[in-house]
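First, one chain by itself in structure tokens, the form predicted on its own.
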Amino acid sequence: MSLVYAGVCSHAPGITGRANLVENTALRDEFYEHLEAMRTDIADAGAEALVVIAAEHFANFFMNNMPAYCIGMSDKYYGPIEDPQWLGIEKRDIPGNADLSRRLTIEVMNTIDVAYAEEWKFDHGIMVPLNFLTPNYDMPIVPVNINCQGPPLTPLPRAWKFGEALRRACDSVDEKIALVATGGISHWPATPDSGKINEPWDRDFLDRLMRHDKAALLDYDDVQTYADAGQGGFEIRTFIAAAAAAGVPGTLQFYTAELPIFAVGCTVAKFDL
């Protein structure tokens, strides 16, 4: 088995960009400690590359050409695309592995039509997790995008099948692969409701996710998700794909809605591979 780790975490820009504005610094630091524990778990698993499933925020893909799924296929990426002072992360090159990405992409293509990109500028959706999970930027990254921004969005059952295809791809290569899905759960970015968090909705979703309840996870309707969880709630697709890739229940290691300056419920969880 080549997939040696699978987990999920939040990626909101405030997690790094507004860290100094947090009032409850003890809770912030506890969140950071759980992200550090995720980094340690990935290293202890012997991972040789990290697949990051994220929701790209119109940084590279636009409505003139919006792939449902895309896999990066380069030896080098660059990020963050945002202002480093705003995000709290300096611009830099990030290592990739074009050969590994190509092999993964070819295997995924056996069941899922997927785009690929040999150029990719990372936004906060990838850079915030990497800031904690690979702080020395010494592990090859395979970026994976699911369109969670521009409707029509991929149906949730297709996101599940995409996750299953990623798992088959990871298990087809010799390298030991870690997979982390990132996103928000309920959040309303770039709207007057920014900072709002629907904690009951989040906890219900995380319960379904950690139980690996496929039927319950695929039972969401986009109209109701938008009403209950904002447009940021569409990013559940990345978490659902990770659950499908993992194939097993998981453990919620950290969740809080009590850091509203980050404008997202802060989550760290892993699947029990």
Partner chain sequence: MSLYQLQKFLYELNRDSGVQRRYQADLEELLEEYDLSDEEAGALRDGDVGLLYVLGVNGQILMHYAAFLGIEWFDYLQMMRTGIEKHGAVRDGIYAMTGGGESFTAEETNR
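Positions refer to the first chain, counted from 1. Just so you know, these numbers come straight off a predicted model, no measurement behind them.
Below, we turn to the form predicted together with the partner chain, even though it does not appear here.
Put simply, of Phe205, Phe31, Tyr69, Phe234 only one has a heavy atom within 4.5 Å of the partner chain in the model of the complex, and it is Phe234. Only one of the listed residues (Gln149, Asn198, Asn131, Thr105) places a non-hydrogen atom within 4.5 angstroms of the partner chain in the model of the complex, and that residue is Gln149. Contact with the partner chain in the model of the complex holds for none of Trp160, Gly183 and Pro249, as no heavy atom of theirs lies within 4.5 Å. You can rule out all but one of 108 to 116, 131 to 139, 186 to 194, 94 to 102: in the model of the complex, only 186 to 194 has residues with a heavy atom within 4.5 Å of the partner chain. Not displayed here, the partner chain is kept clear of Glu175 by more than 4.5 Å at the level of heavy atoms in the model of the complex.
The closest heavy atom approach of Gly265 to the partner chain in the model of the complex falls outside 4.5 Å. Not displayed here, the partner chain is kept clear of His212 by more than 4.5 Å at the level of heavy atoms in the model of the complex. Shown alone here, Asp75 lies farther than 4.5 Å from the partner chain in the model of the complex, counting heavy atoms only. Using a 4.5 Å cut-off on any heavy atom, the residues of 58 to 96 that reach the partner chain in the model of the complex are, in sequence order, Phe58, Ala59, Asn60, Phe61, Phe62, Met63, Asn64, Ile81, Glu82, Asp83, Trp86.
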